[in-house]
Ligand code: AMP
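First, one chain by itself: the form predicted alone, in structure tokens.
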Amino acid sequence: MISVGKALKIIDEHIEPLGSERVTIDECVGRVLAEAIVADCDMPPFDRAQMDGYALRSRDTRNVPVNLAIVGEAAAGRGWHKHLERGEAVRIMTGAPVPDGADAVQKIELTKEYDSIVSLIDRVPKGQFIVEKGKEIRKGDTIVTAGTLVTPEMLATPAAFGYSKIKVAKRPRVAIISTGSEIVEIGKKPKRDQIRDSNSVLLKSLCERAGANVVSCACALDDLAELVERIESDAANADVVITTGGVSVGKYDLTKEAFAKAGAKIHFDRVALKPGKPAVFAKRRRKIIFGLPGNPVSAAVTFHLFVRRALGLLESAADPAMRRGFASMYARLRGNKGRDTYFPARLVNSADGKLVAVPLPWSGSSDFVSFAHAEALVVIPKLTTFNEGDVADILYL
């Protein structure tokens, strides 16, 4: 039995990125960048007005009140492209380019206009209400680095610099197999001794949220030949095969034997982890195979710890690890004697603004109803007890 840290290191050593492809900008949300986004121009590309008002020479306002002749108008997308001379002003709109010769803008509320004259009673400092060319971004600057996950909020950035198509990592293709003769499809009424297949829909959703493309979901009986055939078929069409169930040591726990007969090499099959001890990681040539426990909470926890990381590595994500944090404990939690425990919890803010982890009422690794409300996993090292108010590591789900 190996530690979680050792298991993660083994996964890191055996994952090879899938490469990249180009997609249109409106297809790249949720994808991982395979190239840096670099500015092809300064931003703003010209001295830009921050206010509606008048562009002028600041030195013309040294002795106020003063009247300036209005000689033109500059609007967004339609500048005034002459040189501003002494005693002149240009009517200007927010976002418009500041005319050559002007070095300040006075907002319209502090002026009076009549007969093509603008009257000012306040001195205007140099640079007022102007964003200088290149103040935000310089041409050639790297705006977003490769390995970054593209979000909707990020999308305006490559668009502003001419990226109509973007190089992104290829999405891993995933096949999911729920094993067990007791498993029936969701839409069927279970007979005696049967249960519905809840794991496949859970894992499909988690895979898709991690950026993967789920190409198949299937059930397999506790039959070695059928399971081997299913694994070989899915490995031919997917980059990652995930099975649930059959990874323990019972008579009908056939998954590890099936992996071996399908030509996969098992790199670990027991982790000092609760829940999820019998998690399996294997590789069949370049194809990645995970055997996750059949209990839904164990399947979810091992997915977040191991599969999610592997999917990120396949996509060359800059940081494939789960996001870590700290939270104060709401109640006492005791660790396991021989394994680290990853306890599901809700997150709330205390009256004084501290983040607090509230352990969920959890009756075991099959308690998927309680786990449905989890927002984080509280990490409890073996032989460790956290009391109310103690600060613990958490992993955000």
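Given the structure is predicted, the values throughout are model-derived calculations rather than measurements. One-based numbering along the sequence shown.
The form predicted together with the ligand exists for this protein as well; it is not shown, and the discussion that follows is about that form.
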Of 141 to 149, 306 to 314, 292 to 300, 207 to 215, the segment with heavy atoms within 4.5 Å of the ligand in the predicted bound form is residues 292 to 300
Test of understanding: in the predicted bound form, would residue 197 fall inside 4.5 Å of the ligand by heavy atoms?
yes
Against the ligand in the predicted bound form, would residue 88 count as a contact residue? Criterion: heavy atoms within 4.5 Å.
no
Contact label in the predicted bound form: residue 178 to the ligand, heavy atom within 4.5 Å:
yes
Should residue 239 be counted as a contact of the ligand in the predicted bound form, where contact means heavy atoms within 4.5 Å?
no
Using a 4.5 Å heavy atom cut-off, which residue among 275, 172, 246, 97 comes into contact with the ligand in the predicted bound form?
246
